[in-house]
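Below you will find one chain, with nothing else, as structure tokens; this is the form predicted on its own, and questions on how it binds or moves follow later.
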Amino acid sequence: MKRWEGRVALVTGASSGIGAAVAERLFAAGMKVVVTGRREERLAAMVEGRDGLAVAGDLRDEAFIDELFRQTRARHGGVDVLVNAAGLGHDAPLLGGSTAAWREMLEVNVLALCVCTREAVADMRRRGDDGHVVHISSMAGHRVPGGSGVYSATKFAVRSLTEGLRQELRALDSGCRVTAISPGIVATEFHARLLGDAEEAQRHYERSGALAAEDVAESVIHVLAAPPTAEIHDVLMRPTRQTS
């Protein structure tokens, strides 16, 4: 990680869960970290006393993304590492879900990821052309758990976008790299929101031996620390006890 010391990382979805754990790990690695999410107080506490920047807002709003990158460029000159950790799921199956729930998953999990990636890679190309984009995806992008067809569709899209970006970067002879990390069950706020029941979510995590958010953050460090000639493109990780 020495090559990343003093350089700039942007982490979306950083106010909780995997995004928060990744941001903390990147701070510890000596990076300047820009954090974004919807909960302003959590973000402000995360960067207090550190070489970071907190910008709160809704990634469904492209004008907010433009402002996020404007502030990042004004403060730090641009982005060297982007970790797209923002994501959400709803209990909204294809035959019974609401259009609003589908739209929110598509806008956050897919469209916002695309816009942030486009803007970050433009910075990386300008700043030495050796940046790294990391998408925090899901095992749901590799198989379809029951009732999650629309959510899984967003994560299958991330698989396509990861490979599509790799191909575009290679066509440009770019030194930038891209990785998708697809965790299985992780003990975050995700299932409490999905199930609408924090106690049931906790029982679910205990039954599955869920990963910790910090486990996923360590995988982010692993791919960033690979030599520039190696691209760790697709990481699948599950709790040891998870069966699917």
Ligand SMILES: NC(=O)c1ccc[n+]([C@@H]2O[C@H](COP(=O)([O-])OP(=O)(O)OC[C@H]3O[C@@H](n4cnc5c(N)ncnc54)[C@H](OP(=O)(O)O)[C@@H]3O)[C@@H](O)[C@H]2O)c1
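Please read all numbers here as calculations on a predicted model, not as lab measurements. Start at 1 with the first residue shown and count on from there.
Keep in mind that the form predicted together with this ligand is missing from the display, and what follows is about it.
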{"property": "One stretch from 172-180, 22-30, 45-53, 58-66 that, in the predicted complex, holds residues within 4.5 Å of this ligand by heavy atom", "result": "58-66"}
{"property": "Non-hydrogen atom contact residue 155 with this ligand in the predicted complex at 4.5 angstroms", "result": "yes"}
{"property": "Any non-hydrogen atom of residue 87 within 4.5 angstroms of this ligand in the predicted complex", "result": "yes"}
{"property": "Contact of residue 10 with this ligand in the predicted complex (heavy atom, 4.5 Å)", "result": "no"}
{"property": "Partner proximity in the predicted complex: residue 201 to this ligand, non-hydrogen atom cutoff 4.5 Å", "result": "no"}
{"property": "Heavy atom distance at most 4.5 Å to this ligand in the predicted complex, all of 4, 133 and 219", "result": "no"}
{"property": "Sequence-ordered list of residues in 90-111 near this ligand in the predicted complex, where near means a heavy atom within 4.5 Å", "result": "108"}
